[in-house]
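First, one chain by itself in structure tokens, the form predicted alone.
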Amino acid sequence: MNDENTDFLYPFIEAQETDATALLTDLASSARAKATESARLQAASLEEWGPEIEAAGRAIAERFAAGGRMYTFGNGGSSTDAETLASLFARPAHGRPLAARCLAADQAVITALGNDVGFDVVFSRQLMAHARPGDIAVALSTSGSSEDLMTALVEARRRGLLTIGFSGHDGGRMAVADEVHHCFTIRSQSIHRIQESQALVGYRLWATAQHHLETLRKGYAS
């Protein structure tokens, strides 16, 4: 049997636990506590960032309406969140499909740049190759301080892109960087809770952008 210590995941589980009923009760209690905290954090995040989501969503809509494109990127788990966000914009269940792609999705490009040039430029070099003024750059992070993300955001701002950051904890470098137009900081120490709330804020950002795009469309038609 594997005796690997799992206290860092579930500190209430003892190595010699023999009471299955008590264990299941503790597991259920832990799950309920996590769900409660996740819901609380999501509500608090939407309340804190509501006006910023509105402003960023309007700015995104204006960029898309003018022919702009969105580029998302992140590391590790945040890279999959970045891909999910890009897919939400590009292939929504309803609403207008928009030009969006995740720069972390192309393994060949990521590994080539990381090996040949350096990992710090795996996203900025892609922006240099593809982005143009009027586009949108969205960086997702749980710390807000990843070097490759900050390098890309600096490059994006220099090239005239709208820059948006998702961060956690105290916001890290993203929260204070002049190169980031809008930064949504999820105020938690838990990576899991941060990513859950970032997903909801990202969805609200998409919905807000869709709303403003429809308003712009009607304005053009009148």
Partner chain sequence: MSTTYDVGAAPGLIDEDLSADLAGAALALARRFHAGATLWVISPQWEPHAHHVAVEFVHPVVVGKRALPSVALVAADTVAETRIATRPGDVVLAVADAADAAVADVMRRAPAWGAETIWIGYGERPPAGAADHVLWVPTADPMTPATGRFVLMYHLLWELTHVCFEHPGLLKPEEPECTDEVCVTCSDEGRLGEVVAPPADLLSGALVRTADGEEYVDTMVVGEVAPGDLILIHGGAALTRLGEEPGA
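Numbering follows the first chain given and starts at 1. Since the model is a prediction, treat every value here as computed from it, not as a measurement.
Below: the form predicted in complex with its partner chain, not depicted.
- Using a 4.5 angstroms threshold between heavy atoms, His182 stays clear of its partner chain in the predicted bound form.
- By the criterion of a heavy atom within 4.5 Å, Asp81 is counted among the residues contacting its partner chain in the predicted bound form.
- Residue contact with its partner chain in the predicted bound form: Glu196 places a heavy atom within 4.5 Å of it.
- Contact check for Val121: every heavy atom lies farther than 4.5 Å from its partner chain in the predicted bound form.
- Taken together, the three residues Pro133, Leu216 and Tyr220 all stay farther than 4.5 Å from its partner chain in the predicted bound form, as judged by their closest heavy atom.
- Heavy atoms within 4.5 Å of its partner chain in the predicted bound form belong, among the stretches 133-141, 72-80, 146-154, 112-120, to residues of 72-80.
- Heavy atoms closer than or equal to 4.5 Å to its partner chain in the predicted bound form belong, across 107-138, to no residue whatsoever.
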